[in-house]
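Only one chain is included here, represented as structure tokens and corresponding to the form predicted on its own.
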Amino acid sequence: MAANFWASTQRLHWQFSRETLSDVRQQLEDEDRNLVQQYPLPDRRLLSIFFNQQLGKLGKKMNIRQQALATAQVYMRRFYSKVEIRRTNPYLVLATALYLACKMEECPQHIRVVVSEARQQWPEFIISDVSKLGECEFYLISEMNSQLIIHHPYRTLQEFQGTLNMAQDDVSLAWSIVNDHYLTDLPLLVPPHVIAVTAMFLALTLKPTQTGLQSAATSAAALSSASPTSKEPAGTSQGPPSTQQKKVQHLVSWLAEGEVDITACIECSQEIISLYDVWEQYNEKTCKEQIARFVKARGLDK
């Protein structure tokens, strides 16, 4: 097991540029052009929201901890970067990813328990044959080249909260933002420590007393002006700053003095804010119907 992210298979084999990831997905769709046209699907982020909610319900039944759920989401995102989703039963893949993630995160569940709970939750898509999940497990492992160790942002978040004197409310919000980033492509694009820093920044700007996402988008501009030679914290304005503004200024100053990729933090902020914008269009019924259409039509539920 690689204790260091920089030497891990995650960085060496599962970190893409946006262009590369887009090309990989486009190639998958080009190979199955008729299938893609016959069974249109919602925005990828809306599907991710649907899968996340379904995974959360399944995990809650078995008291699965958050890190295992996060690992399962990364497995699904990796798998579907190699396999066209319309060629699979996403419900079986979801249950299998959770089963495998629990093994890797040292909170294993018996295969019969996972199949039983999954069948109760999705009776029209999951059969009671445990061998199906076993076969799917080998499929996932094969497509991920047995590279199953996942480095998450949670540890970095815990390490930095003391350094930045973050209040518990801020830490809790940052933790939620880290959870939400798994609904985007960010786990395949940037290192986990960048996600942690971005979550802390957004946690300090996404406040009920402010203007929400607009405030975060505006505040993100402060990051772009941070540099190692800055004499004052980015975003400094005239007049006495509020406690929250001081926290933001402290974070930006800390970033300017460190080695964190500020450009990557800005892009991550924009990606997460974009997720929250598109979330307003989410419709569970639509996602479920469009997935069911190709699963049933192609007999993938058998």
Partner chain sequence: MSGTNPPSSAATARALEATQSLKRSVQAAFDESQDARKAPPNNGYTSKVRVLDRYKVVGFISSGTYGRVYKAVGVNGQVGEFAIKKFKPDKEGETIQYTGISQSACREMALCSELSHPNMIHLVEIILEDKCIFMVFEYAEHDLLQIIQHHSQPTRYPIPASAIKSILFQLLNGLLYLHTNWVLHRDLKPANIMVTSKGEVRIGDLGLARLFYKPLHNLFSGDKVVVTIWYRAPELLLGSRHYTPAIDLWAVGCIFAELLSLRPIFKGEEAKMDSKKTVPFQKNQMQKIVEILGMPTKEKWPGLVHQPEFTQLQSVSSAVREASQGKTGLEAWYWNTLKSTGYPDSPPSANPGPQGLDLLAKLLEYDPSKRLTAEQALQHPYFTANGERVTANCFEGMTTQYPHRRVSADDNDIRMSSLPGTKRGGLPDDSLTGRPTKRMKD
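Positions refer to the first chain, counted from 1. What you are looking at is a predicted structure, and each value in this text was computed from that prediction instead of being measured.
One more form of this protein should be noted, the form predicted in complex with its partner chain, which is absent from this view; the next part is about it.
Interface segment, criterion being heavy atoms within 4.5 Å of its partner chain in the predicted bound form, picked from 102 to 110, 189 to 197, 117 to 125, 164 to 172: The contacting stretch here is 102 to 110.
Within 4.5 Å of its partner chain in the predicted bound form: all of T9, G134 and S146, by heavy atom? Checked in the predicted bound form: all three residues contact its partner chain.
So which of Q245, Q54, S253, Q67 gets a non-hydrogen atom within 4.5 Å of its partner chain in the predicted bound form? Of the candidates Q245, Q54, S253, Q67, Q67 is the one lying within 4.5 Å of its partner chain in the predicted bound form.
Y80, heavy atom within 4.5 angstroms of its partner chain in the predicted bound form: No - in the predicted bound form, heavy atoms of Y80 and its partner chain never come within 4.5 Å of each other.
Quick one: does Q158 come within 4.5 Å of its partner chain in the predicted bound form, counting heavy atoms only? Heavy-atom contact with its partner chain at 4.5 Å: present for Q158.
State yes or no: in the predicted bound form, is some non-hydrogen atom of S142 no more than 4.5 angstroms from a non-hydrogen atom of its partner chain? Yes, S142 sits close enough to its partner chain in the predicted bound form that at least one of its heavy atoms falls within 4.5 Å.
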